[in-house]
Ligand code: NAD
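Take a look at this one chain, the form predicted on its own, written out in structure tokens.
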């Protein structure tokens, strides 16, 4: 029987690479995203809308056993605590944290019924270390790390595993958008900033979405059945410094 993977934010960047890899591995992939994608079965969804997420996942679960959830949808926001408005804070948390909370909660009945499942939350190296001008984003990613740990403990008796993947600087559209925003505000040269970002990594380069996808697939696979409640860092050595 074909296994089923539900992914949020699977239409671009890391999410798209994950969706593509799971399709290649013969999974039936359901992609919940605002932006259409030809990879997998596209379900238009605003992950900050609790009712929408719950409805879509519940409908999927009526027809399929959900084997894997990859909660990947997220947004970036730059700013320290003083520069972060309440509206900005709420937006980051409604997508990055509430979106994950809702997706995890919605897949659990299906996973409990089958007595198995793998949940992968897309956190960040910022779940482990702080970065400047990243108050809300940093806080949201630390929240996902905590969610992975508590979910792992609460649902281990159902053979449901939960882990967080913590990428460092990965070259995605989200990365380029963040760099563009920074350069617009600072007036700095994008090529120079891009080169400086690569130089910050011990491996002297940025990570690629496909590399993160391989880690996510491993965590979802039967080769990782004793891994749960973990924070899996994939950052080119950045947090080891």
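Residue numbers count along the first chain shown, from 1. The structure displayed is predicted, hence computed values, not measured ones.
Another form, the form predicted in complex with the named molecule, is not on view; read the next lines as being about it.
Review point. Of 22 to 30, 188 to 196, 41 to 49, 56 to 64, which is the one stretch near the named molecule in the predicted bound form, taking non-hydrogen atoms within 4.5 angstroms as near?
Key: This holds for exactly one stretch, 41 to 49.
Point to revise | Proximity to the named molecule in the predicted bound form, single hit among 147, 139, 95, 128 (heavy atom within 4.5 Å) | key: None of the other options qualify; the answer is 95.
Check your understanding: Does residue 152 make contact with the named molecule in the predicted bound form, using a 4.5 Å heavy atom cut-off?
Key -> Residue 152: no contact with the named molecule in the predicted bound form.
Review point. Do residue 14 and the named molecule share at least one heavy atom pair within 4.5 Å in the predicted bound form?
Key: Judged by the heavy-atom cut-off of 4.5 Å, residue 14 is in contact with the named molecule in the predicted bound form.
Point to revise | residue 106 within 4.5 Å of the named molecule in the predicted bound form, heavy atoms | key: Flag for residue 106 set to no.
**Study point:** Distance check, residue 181 to the named molecule in the predicted bound form, heavy atom within 4.5 Å
**Key:** Taking the distances in the predicted bound form, the answer for residue 181 is no, it never comes within 4.5 Å of the named molecule.
Practice item. At a 4.5 angstroms cut-off on non-hydrogen atoms, which residues of 119 to 158 are near the named molecule in the predicted bound form? List them in order. Key: Those in contact are 122, 123, 124, 137, 141.
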